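Read the single chain below, which is given as structure tokens and is the form predicted alone.
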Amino acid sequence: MLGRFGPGVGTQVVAVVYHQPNRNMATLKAISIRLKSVKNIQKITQSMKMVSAAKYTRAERDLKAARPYGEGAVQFYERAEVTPPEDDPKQLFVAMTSDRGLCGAVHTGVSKVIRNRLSEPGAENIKVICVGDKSRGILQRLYGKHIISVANEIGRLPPTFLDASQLATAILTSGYEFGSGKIIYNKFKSVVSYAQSDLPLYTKKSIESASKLTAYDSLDSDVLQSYTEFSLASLLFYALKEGACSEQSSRMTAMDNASKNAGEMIDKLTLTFNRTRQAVITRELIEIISGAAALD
């Protein structure tokens, strides 16, 4: 039919029909690919939320059984009035994080507490042991010279007292003679709330010089050494359990928010896809009607 018209008219009609729909179809294809990608992400975040919810239930149950370990050690230090030695300014900070991410600001909060302390005067007397790769990654760039050891493979499985014992042994055999220290960890409050807190670290020398140690009857050097090691492992075990519970609850909340955001994005992309598709159909109808009118 187009052969009956002159070259100019035929070229103009073919150009309109050829270029415009291809551009719109490319847009529809890009929106469709992005929509499919966001739907897949939503499925992943929803699955991660369900897994974190199951892990959180177990972590909360384990935390209740682990609290007496940490609270008992802290109460002993308080009642014996154990204080840091004044003649030894060296301190050790233990950052309790894990190797896994996608859990909000759990690891960032712990690292921020240590980073703020390292930026203050007297930081040259502070060394850091990072439990988990997340704290190492945050602190290494600016404060790498303060890090003396890093513990990996944390957070993949629920922490056990054996893990805490091995960590305590690594601290005691690190070769760094510190006078006092702190364990920086996330203290679990509720399923949507946690806060950074710290637990004290004392050496055998500090415990021996406590003013009210005699209230616990006569203790020889071997008993104090054994208790120092056991209390360190107990505090680390308690901090690991608190951190694991806070991490799972935060990841559950983060994945829930991510799923909701993905749902909103899916709605917007679906609306954009439908509008663009309707515009393409309308434009094609106009071109067909215009072409039919030109043939008359």
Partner chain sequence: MDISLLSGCGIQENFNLFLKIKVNKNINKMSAWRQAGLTYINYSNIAAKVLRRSLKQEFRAEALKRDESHVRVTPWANGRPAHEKD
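None of these values were measured; they are calculated from a predicted model. Residue numbers count along the first chain shown, from 1.
This protein has a second form, the form predicted together with the partner chain, left out of what is shown; the following refers to that one.
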In the predicted complex, the residue from S226, S193, T83, N125 that sits within 4.5 Å of the partner chain by heavy atoms: S226
Residue (of A59, M252, A239, A233) lying close to the partner chain in the predicted complex, criterion heavy atoms within 4.5 Å: A233
Distance check, K145 to the partner chain in the predicted complex, heavy atom within 4.5 Å: yes
Non-hydrogen atom contact Y216 with the partner chain in the predicted complex at 4.5 angstroms: no
In the predicted complex, A210 touching the partner chain (heavy atom, 4.5 Å): no
The partner chain contact in the predicted complex: D163, any heavy atom under 4.5 Å: yes
Stretch from 83-91, 108-116, 67-75, 135-143 whose residues place a heavy atom within 4.5 Å of the partner chain in the predicted complex: 135-143
Stretch 141-177: residues contacting the partner chain in the predicted complex, 4.5 Å heavy atom cut-off: G144, K145, I147, I148, S149, V150, A151, N152, E153, I154, R156, L157, T160, F161, L162, D163, S165, Q166, L167, A168, T169, A170, L172
